[in-house]
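A single chain, nothing else alongside it, follows as C-alpha cells in the form predicted alone.
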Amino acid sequence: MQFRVDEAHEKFREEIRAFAEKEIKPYAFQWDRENKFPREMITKLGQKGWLGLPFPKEYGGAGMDIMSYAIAIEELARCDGGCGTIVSAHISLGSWPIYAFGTEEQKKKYLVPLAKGEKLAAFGLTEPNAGSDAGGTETTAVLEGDHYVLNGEKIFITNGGEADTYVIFAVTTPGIGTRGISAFIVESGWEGFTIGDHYDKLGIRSSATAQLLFEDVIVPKENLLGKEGQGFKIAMETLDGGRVGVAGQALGIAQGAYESCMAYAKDRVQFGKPIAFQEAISFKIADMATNIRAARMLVYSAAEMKDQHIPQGMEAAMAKQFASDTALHVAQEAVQIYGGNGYLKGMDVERFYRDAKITQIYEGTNEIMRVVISAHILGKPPKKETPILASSSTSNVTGPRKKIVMKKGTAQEKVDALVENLKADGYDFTVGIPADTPIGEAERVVSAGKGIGSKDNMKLIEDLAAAAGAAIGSSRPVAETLQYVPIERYVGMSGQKFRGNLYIACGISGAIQHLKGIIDASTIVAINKNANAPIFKNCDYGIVGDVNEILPLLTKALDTGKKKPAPPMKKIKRPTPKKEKPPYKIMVCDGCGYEYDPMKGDPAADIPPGTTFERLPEDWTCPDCAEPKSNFQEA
C-alpha cells in the first residue's frame, strides 16, 4: 500500500466526482425531501458501465478493480448517501453472489444485464426474527419436483421494490440451523412475490427500502444459487465483501460533511476573523481530517486485499466499523460548526448527519463488527454443550397465539367460523363503545391498513366497528400518509398501544412496528388477502380473503342493532395455544425404548446437539442397548 492510490484511480475519481457534482448534488435535497428513488440517475450510471465496475467484461462488467469500486461509492456518497447505498447494494449484495457462486448459465442470464446496468439487483436476508442472527431465518423453500415453493417475508431490503433481480435466503432443511439455509435468484413480477411496506427512513431517503412478501412463489430448481445448505456461507461471504462498500459510503459521507463545514467555516466571520481560525473550530477540523485519513487507509487497504484475493473479513469489518463511526462523528461536528444553520432542512450537513447513522447499523451493526474482529483475533470460544437446533418457529412478536387461520371454504363459512369462535371466547356483541374512544382506553378496536384500498372503503371499517361495538384505529400509513383517520388513531410501536380485548386488523400486513403496538391484546383477528402476511403468524383468528367481501359479511354477522353501553372492561384471559410439533423427528429404539432427541445429541458418542437422526453415522448404535440405527422408529 503506497498510502495513496495511483494515477489511474485518481483519474477515475475525477470522472465520477464530476458526474456526481452534476447529476446528484443539485437534486439530493429534493430526493431526500420527497423520499424519491433517482431512477434517471441510476440509468445514467448504468449507461456509463459503473453498475458493473468490478465484474469481468465477459459478463458485461467494466473489468475494473475493487479499489475503483470503493472510490466510486465514496464519491457518490460524498454528494448523497442514498445514491452510494443504491449502487453498493446492487453491486456488493445483489450481483456479487451471482458472480461468485452462480453457474455459467445463471451468470449469463442474470449477471450480464445487472453488470450492464440494464437491471437492478437486491439482497434479501433480513427478517423480523433474523437480523444479526441469520440463523433465525423463517422464510422457507420447499422442493416440489422441478421447482421450489417459496413462502415468507423479508424486511429492510435496500432497492426493494425497485430491483429486478433478488438474491433471497430461505430454509430448505428445517431444524438444523444455519446449515439448512439456501440461496435463490428470484425475479420481480413472479406470481406471489409482492412488495409490502416502503419504509419512511431517517436518512438515505433517496434509496428505496421495502418489505418483500412471498406467497407460494414458484422458483425454478435451476435458480438455486450454489448448493442446498450453502446459503449461510454465501450470505456471510457476500456481507464480508459488501462491508468494503458500506465503509466507502461512510467515508464519502464524512468527506462531504467535512468539505461543506470547512468551506462554511472559512466564510463565516465572528470576532473579526473566519471561524475556521478560531482555535475551537480549527481543532475540530484537524481531528476530522485525521479521522477521515485513517478511515480512508482502512477502506483502501481492505479493497486492495480483496483485489489481491487475500482474506479480508477482519479488515473489512475494521474499515466498516471505523469509517461509520467516523462518518457520524464528522457529520455531527459539521452540524456544530454550522451552528443553528446546520440544524435547518436543506443544509447538506443536516442530511449527511441523518445519512451517516445507518452506516453503523446495516450490513452488520458495529457491535457485530467488533464480534467479527475479536473472533479473528481470539479464535473460537470454548465449546458449549448447548442445543443449536432451531425451534419450529421463533417467538412471535405478539407472543403465543392460537393462529387459527381460515383459508378454505366460502367467505360466509369463514366468517361464520370466526364469529362462532369469538362468541365461544366470551365476546358479547350486544354491547359496545363509541367509535372515537381513545385507543388506549378501548376494549375493542377495528383497525384499517393499506389493504383496504381507497378512502371510500373506510365505510366498511366504520360499519364493522359499529357492528362490533368497537373504536376505529389504523396502521401508521393509513393515518399519516393516506390520512384516512386522525393521526392519534394509529396503532403501533411509535403510536397508540392497544391493551384491550379484541383487535380486528383489516388489510394490515403486520409490520413489526404495528405488531408491537398490539402485544397486549387478548385476541387478535386478521383479515388479509395475502395468506403469507406476517399478521397471520401473530393472530388468534385469521381469514384469508378480500376485505371488500369479508367485511360486509362480518358486519352483518355481528350486527345486533343498537348497542348497549359496555360495562367496565374485564380483561379476557388469553388462552394458551397448543404446543407446536417440533420440526425434527424423535426416534425410538425398538429394543429398549431409548428416545434419540436431536436437541441433545449423543455426547458420549461425540454426536453434538443439533444433529438430526438422518445425519447420524450409519454405524451409530443405541447408547443404552447397542441396537443398530435401522432398529429405530419415529415416535
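Residues carry their position along the shown sequence, with the first being 1. Everything numeric in this text was worked out from a predicted model, so none of it was measured. The term rigid core refers to the maximal set of C-alpha atoms that superpose within 1.5 Å between the two forms.
Another form exists, predicted together with a small molecule; not displayed. Remarks below refer to it.
> The small molecule isn't shown here, but in the predicted complex which of Lys408, Lys562, Lys380, His309 has a heavy atom within 4.5 Å of it?
Answer to the contact question: Lys380.
> Would you mind picking the one in Thr178, Thr194, Asn129, Gln332 that has a heavy atom within 4.5 Å of the small molecule in the predicted complex?
Looking at Thr178, Thr194, Asn129, Gln332 one by one, just Thr178 meets the 4.5 Å heavy-atom criterion.
> Indicate whether the small molecule has at least one heavy atom within 4.5 Å of a heavy atom of Glu237 in the predicted complex.
Result yes; Glu237 sits at the interface with the small molecule in the predicted complex.
> Using the partner position in the predicted complex, report whether Lys233 sits within 4.5 Å of the small molecule, counting heavy atoms only.
Contact with the small molecule, yes.
> Gly342: heavy atom within 4.5 Å of the small molecule in the predicted complex?
Residue-level check for Gly342: no, no contact with the small molecule.
> Answer yes if any heavy atom of Leu125 is within 4.5 Å of a heavy atom of the small molecule in the predicted complex; otherwise answer no.
The answer is yes: Leu125 has a heavy atom within 4.5 Å of the small molecule.
> Quick one: find which of 266-274, 141-149, 209-217, 240-248 has residues within 4.5 Å of the small molecule in the predicted complex by heavy atom distance.
Result of the contact check: 240-248.
> Quick one: once the rigid core is lined up, does Pro26 have its C-alpha move by 2 Å or more between this form and the one not shown?
Where the cores coincide, Pro26 shows only a C-alpha shift between this form and the one not shown that is less than 2 Å.
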